[in-house]
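One chain comes next, on its own, written out as structure tokens in the form predicted on its own.
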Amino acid sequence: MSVRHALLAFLSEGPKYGLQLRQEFEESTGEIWPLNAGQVYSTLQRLERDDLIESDDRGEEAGPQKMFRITEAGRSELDVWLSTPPDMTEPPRDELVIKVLSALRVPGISVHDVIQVHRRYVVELMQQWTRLKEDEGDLDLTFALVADAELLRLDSIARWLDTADGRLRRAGTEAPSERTGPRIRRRLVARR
């Protein structure tokens, strides 16, 4: 999540104070991601240092009474960020994937049991998000959008766990070859 760019987006609406930006960030994310005031002010200081925003008084430390506004350079960076897809060419270091792959190597551990424990947890989270969405979704559009994103993310994790369990069962739960990692990495590099 780019707090930097979210703050630029809020400032594109007009000048604002630091605490106002913090409140708007939290409201815009359905109050799912709280933002530390210190993080807001350190981000604002970096944005000002990079000439992406300006304030009433550049000589003072960022504070609650300081008004910030976006500059042309800031607007340009925001436009580029909004129109540029993130780099997703390489899979992220996902703790769950690493855990399943590691379970294959641990003697006496059933990788299928590991998968099922995590699958149950994901399903419980999906149920919690569904209830929250039913309770709050009609009242708060931003929360509904965040809940939708989280439900879809959790659904994809559950589907991956099901796929991994099926693949491992068909393979007889054999450990992956030592060459798997480098071979996959070579394929990703070759596609670029």
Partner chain sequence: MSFLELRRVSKCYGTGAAEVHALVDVDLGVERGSLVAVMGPSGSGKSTLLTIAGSLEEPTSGEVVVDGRSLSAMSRNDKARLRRRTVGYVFQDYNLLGGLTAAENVSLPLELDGIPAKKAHRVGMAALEELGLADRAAHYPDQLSGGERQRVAIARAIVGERSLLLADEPSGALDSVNGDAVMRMVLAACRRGVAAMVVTHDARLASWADRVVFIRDGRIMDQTVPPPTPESLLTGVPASGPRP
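Positions refer to the first chain, counted from 1. From a predicted model like this one, the values you see are computed outputs, not experimental measurements.
Quick note: we don't show the form predicted together with the partner chain, though the next part is all about it.
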Within 4.5 Å of the partner chain in the model of the complex, do W129, D162 and R169 each have at least one heavy atom? yes
As a check of understanding, the residue in V117, I109, I98, V80 with any heavy atom within 4.5 Å of the partner chain in the model of the complex should be identified as V117
Residue among D56, D50, E27, E134 with a heavy atom within 4.5 Å of the partner chain in the model of the complex: E134
Decide whether F143 counts as a contact residue for the partner chain in the model of the complex under a heavy atom distance cut-off of 4.5 Å. yes
According to a 4.5 angstroms non-hydrogen atom cut-off, is M67 in contact with the partner chain in the model of the complex? no
Give a yes or no for L152: in the model of the complex, does one of its heavy atoms lie within 4.5 Å of a heavy atom belonging to the partner chain? yes
Proximity of A158 to the partner chain in the model of the complex, heavy atoms at 4.5 Å: yes
Considering the partner chain in the model of the complex, find the one stretch among 101-109, 118-126, 68-76, 81-89 with heavy atoms no farther than 4.5 Å from it. 118-126
